[in-house]
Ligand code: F6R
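First, one chain by itself in structure tokens, the form predicted on its own.
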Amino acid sequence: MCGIIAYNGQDDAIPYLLEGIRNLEYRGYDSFGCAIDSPVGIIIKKDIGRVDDVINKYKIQNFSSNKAIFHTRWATHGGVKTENAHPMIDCMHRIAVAHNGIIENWAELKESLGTHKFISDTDTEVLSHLIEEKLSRGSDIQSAVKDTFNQIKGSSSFIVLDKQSEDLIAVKKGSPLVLGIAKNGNFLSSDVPSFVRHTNKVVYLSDGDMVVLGKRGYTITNLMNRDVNHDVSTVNLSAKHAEKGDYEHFMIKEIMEQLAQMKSLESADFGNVTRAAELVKNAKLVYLIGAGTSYHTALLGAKVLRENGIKSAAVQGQDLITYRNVISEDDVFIVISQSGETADIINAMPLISKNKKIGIINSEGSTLTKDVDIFIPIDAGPEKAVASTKSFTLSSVYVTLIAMFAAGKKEEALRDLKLLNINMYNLLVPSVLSAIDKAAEKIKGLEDVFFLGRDSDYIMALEGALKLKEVSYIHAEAIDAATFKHGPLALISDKTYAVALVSESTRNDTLYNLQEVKARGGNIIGVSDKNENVFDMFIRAQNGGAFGFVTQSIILQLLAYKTSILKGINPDRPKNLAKAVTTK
């Protein structure tokens, strides 16, 4: 949530930042604003609405400056109003601040600044006035920022533009912030893809890092006195990864990218998977932690581990505290996150500081990658649609590989990966795509949809229901087919539609449950490797052995996407949602 990008250097910052903020719009799209350094003072332009709409309204492309901050906001504190858009200015118009996170003690800080004029309802504005207060008492800008950082509580990263200094100053805590090092200047941003066209040299910042970004260089000090690495890394990412290319939306681009990504796993180096499997095999209990889509991956991984004789449990990050009295130092934790910045999980990490931790994470250099013993990069590339697609399937494949390697089934796992890739290319044939289109046409006008399945199929039903809710705004509920008759069956009528996932291992029992739905007039969209008499509509999902869930998942992702399009909704930017939930 919220995207920040800033540049300071010898080149014109505006073209860089216009491109960069468009690549960060997935992080927040309630409002857009910018602070531009100019000979006549700091120019602030901001408004609610889409980034391009605000850019065009104020003709931002016509400005020129060597130093500027751009920000796209997803509202957390204070409503969606122009005055709440970032950046925030101080009373003297000397400094501008853009911020990502939550300042938990903002109210008491605001009260202490009684003589200052506040124009917004946000917690962010206390930053500009706190810094202003310290400057008025004789502090230099760096000391003022440092002292302000030490006053605030919560997870907050922010960038300060100071009119009286050549520098930009930023501090990271909790919320993501990365430094990009280019030929004629440097970037600060929430995410690498925003500037990767101009440099692939980055420094992944740690909590407490304060960066002073000059026109010709930078310095980094850690305000929390932590011994952290500030080495320059080279990222293996091209600009095309941050673009839609020939696709209409990022969501469909990212769905389709899964074909090549699954194929690449056949020749992948599974060294870290092998090391993770050794940890898991010798654990007293394996906990898998995730939030949202990643929690569904955790559920799947825990199930596969248990099936292979390894004690395991899936836990949502915020619920881990309820396990604090039963966690043993011999327990191993698998942390699953697309962004690596999930606040609920980060807040739970101190509870397991003494435990061995495995990270299955897509964002290299993120907060969670620095707090695990074995890091397994998902390598999905940037995922800019809010609904997670490729990160879900890849992380689910990795937890399954860990479980099978730990159980001594490495050869079987690698064989099933080959089978998966054969079936992936049989998945997106015209008959399957046509069936998905017809199902989406039927679903688009509904208010409620059930997703049914048993065992792993139920976990995929949870994921399918989540995707449909996220991008089509249709209420969707996943129910274990085995428990459907314990209450939900009362809701069935001839207007009811259920998406039913049927795999070989649970076929007979699931079909029996579906007959009960059918007998009460319900309509069934079957997702299976073979058509059944009980189905009213049928979408073929090729079997993939241990990885059969991948083809199911892609079908459900396409179903949600197609439904969204038919309803005229932009699936990349569903209302009220942001990609990375970096606050509580």
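All residue numbers are counted from 1 along the displayed sequence. The shown structure was predicted, so the numbers you read here are calculated from the model rather than taken from an experiment.
Not on display, but discussed next: the form predicted together with the named molecule.
Annotated contact segment (heavy atom within 4.5 Å of the named molecule in the model of the complex): 291-299, selected among 223-231, 291-299, 141-149, 198-206. Among the residues S388, S396, T510, S128, the one placing a heavy atom within 4.5 Å of the named molecule in the model of the complex is S388. When you look in the model of the complex, the only residue of S190, T342, T124, T72 with a non-hydrogen atom within 4.5 Å of the named molecule is T342. N100 falls outside the set of residues with a heavy atom inside 4.5 Å of the named molecule in the model of the complex. The named molecule is not drawn, but in the model of the complex it has no heavy atom within 4.5 Å of D416.
Although the partner is absent here, D331 lies well away from the named molecule in the model of the complex, with no heavy atom inside 4.5 Å. In the model of the complex, the named molecule lies within 4.5 Å of some heavy atom of L466.
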